[in-house]
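Single chain ahead, by itself, as structure tokens, in the form predicted alone.
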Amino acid sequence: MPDLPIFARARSHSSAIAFRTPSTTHRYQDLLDHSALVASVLLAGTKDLEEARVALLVAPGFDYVAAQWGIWRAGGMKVPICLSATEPEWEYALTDSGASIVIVDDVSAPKIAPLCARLGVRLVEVEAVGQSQPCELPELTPDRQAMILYTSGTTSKPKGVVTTHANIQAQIESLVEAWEWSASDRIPLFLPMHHIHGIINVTLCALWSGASIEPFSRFDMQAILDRVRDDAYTLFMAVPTIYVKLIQALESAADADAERVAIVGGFARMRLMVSGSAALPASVHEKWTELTGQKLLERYGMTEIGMALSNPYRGERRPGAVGLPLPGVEIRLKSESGAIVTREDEPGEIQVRGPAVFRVYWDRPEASAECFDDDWFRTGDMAVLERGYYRIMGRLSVDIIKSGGYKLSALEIEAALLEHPDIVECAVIGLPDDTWGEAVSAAVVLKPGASLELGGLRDWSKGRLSVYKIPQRLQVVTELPRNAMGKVTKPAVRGLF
């Protein structure tokens, strides 16, 4: 039975180490063997899941990928969900996707088990899979739907981006070629595994190449810096917020401190360091180069398209720019007047075409149709071409906030805040922030006689909003600015802070 290319390539690297932790190593053959057991458990005597949705709530590492590959090898669609999400957010993802199974690890199982019982969703604990027996697996083709990845948009609820195995392969091959991945590469994995950055850019690119991954359940700065000092990695990928925190850590030590010198040397010897998921301030780019000698490679992408633009691996990496189209990607800019931009220094919406681009949002045909201009995907981001490189100018929609590497829906946060007993009206925006890229900021109108401070709002929000959606700034106002149609004007809201 023919394999999908990702599995065939794993067989060619069968004896190489795929995952390494301080206590264990797992080879590519282990991934193939264990994922076959996961697939047999999911199939439960049937021949093919036929694109049934299987949610995945497992910490980064070997078990996560074995479960992911098991879903695919059984013919299912993977639905990764956030480890730190609230129960209502989990419930939305499960019900919207129609997931019939959830794969969990022992940490998350007690948290989501009551929800699965209430919804009638089968719960599979990944640690128990080893007791199963392999079975015959279905034949897969690249045009099969492989994953639903939820992304916040301009509506109050996240939309499920459906990608096929062919889309995912195109995204991987583009980055492997552009960033010159090889089997000798070693990379840490501490990014969330319900986002494309961790799933594609780090994990699947590494596994396609026969490289080695060192997983962390979260960004543990000291543990990671210890490994950097020991020359454990050849590549490093993070969001701008993490680079800010690393800069603060390095600057807090004396220049001649032996530990700092060793860590800086570890960073300097890496062959590539990448920043993405949010705009990288030029000041952070320049400070990182000053401290380590490394020129960060900034790129641009979205859940719907994978990565589309990148500064070059070999060539100028320009602070404030996202470079040129990646292999297999076509880019054009379209002005607000509808004309295709043909000259430099003229802004337009980024539109993308190519084999990596998705085609539909899950169960949202109207939204799917609206986001395409013929066969060009409309990103909603404005850019300009300057001296041969693209520079992102911002969102066409003010309702998207990019904070700490996450793309957040302001409307979703507003809907949650309006449940507060003292809030009558609110407007949520992103304000520029050197650490987070954009800080989630709320302007609120309160009931007469009520009072509210940021600390109290943040405490109230815990359990109702994921940690990265909790407001970081608060402004209490008597009224919100509106236009002639009565709609809140968010550019004017910024003037309230």
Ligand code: AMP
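Quick caveat, the model's predicted, so the values are computed rather than measured. Each residue number is its position in the shown sequence, starting from 1.
Same protein, other form: the form predicted together with the named molecule, not shown, and the subject of what follows.
Undergrad: Using heavy atoms and a 4.5 Å cut-off, decide whether S277, V322 and I392 all contact the named molecule in the model of the complex.
TA: Yes, all three are in contact.
Undergrad: Looking at L207, M302, V264, L83, which is the one with a non-hydrogen atom within 4.5 Å of the named molecule in the model of the complex?
TA: Residue within 4.5 Å of the partner: M302.
Undergrad: If you check R332, K157, K407, R359 against the named molecule in the model of the complex, which one has a heavy atom within 4.5 Å?
TA: Only one option qualifies, and that one is K407.
Undergrad: Counting only non-hydrogen atoms and a 4.5 angstroms cut-off, does T289 reach the named molecule in the model of the complex?
TA: Heavy-atom contact with the named molecule at 4.5 Å: absent for T289.
Undergrad: Although the partner isn't part of this model, could you tell me whether D105 comes within 4.5 Å of the named molecule in the model of the complex, counting any heavy atom of the residue?
TA: D105: no, not in contact with the named molecule in the model of the complex.
Undergrad: For S132, is any heavy atom within 4.5 Å of the named molecule in the model of the complex, or not?
TA: S132: no contact with the named molecule in the model of the complex.
Undergrad: How about T151 - does it come within 4.5 Å of the named molecule in the model of the complex, if we only consider non-hydrogen atoms?
TA: Contact check for T151: yes, within 4.5 Å of the named molecule in the model of the complex.
Undergrad: Looking at 278 to 286, 363 to 371, 111 to 119, 139 to 147, which stretch has residues with any non-hydrogen atom within 4.5 Å of the named molecule in the model of the complex?
TA: Selected stretch: 278 to 286.
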